[in-house]
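Encoded as structure tokens, the following chain is the form predicted alone, with no partner shown.
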């Protein structure tokens, strides 16, 4: 059986992404949550992940690490799941917006860390962080012009998994969006598998000082 190694569900946005992709495949899997910000965190993660970071996917003797690499592996292992769009042009766009998420938006990440169980009143963002928000909303609007309700059609794909933590950040920090982007935020937040993750996050008792402070 597949096994995925995760950080705390309250905080680990990178763990959430491939976990959602696994849910899309419908394949059974085990979870191993490694508590973050503990004296032995790095040591415990390295038992599973050669990069020393979560997430990591273990399939027998094979370990795959990094969120996008895991999504690509799952796409090859479960092609029927449709983790990337079937159309070549749409597939290229989905990979492009996912890669942009993977490598960018550092101001949003730094200023609005993932606290998926919280909701805070809106405070104006730094200009650089607002620029990240504006670019994300532009990506969503462009993708949703094709019809939605997901970024690339009628069902979720890996691109939606990549942006789900952003949806949680928009909600946590009450970042205002409107129109198609607002509808997308509401739709992703209501996604039953995402709410399954949120419920597990609420049940966690560990307070990770670095992530909280």
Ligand SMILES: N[C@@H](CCC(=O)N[C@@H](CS)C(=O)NCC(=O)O)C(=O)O
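For clarity, every value in this text was computed on a predicted model and none was experimentally measured. Residue numbers count along the first chain shown, from 1.
Below, we refer to the form predicted in complex with the named molecule, which is not included among the displayed structures.
The candidate site formed by 167, 172 and 188 is entirely out of contact with the named molecule in the predicted complex, as no residue has a non-hydrogen atom within 4.5 angstroms of it.
Mapping the unseen interface onto this chain, residue 66 counts among the residues with a heavy atom inside 4.5 Å of the named molecule in the predicted complex. Although the partner is absent here, residue 58 sits far enough away that none of its heavy atoms falls within 4.5 Å of the named molecule in the predicted complex.
Residue 44 falls outside the set of residues with a heavy atom inside 4.5 Å of the named molecule in the predicted complex. Contact annotation: residue 50 falls outside 4.5 Å of the named molecule in the predicted complex, judged by heavy atom distances. Proximity to the named molecule in the predicted complex, taken as heavy atoms within 4.5 Å, picks out 66-74 from the listed stretches 176-184, 24-32, 151-159, 66-74.
Along 122-148, not one residue places a heavy atom within 4.5 Å of the named molecule in the predicted complex.
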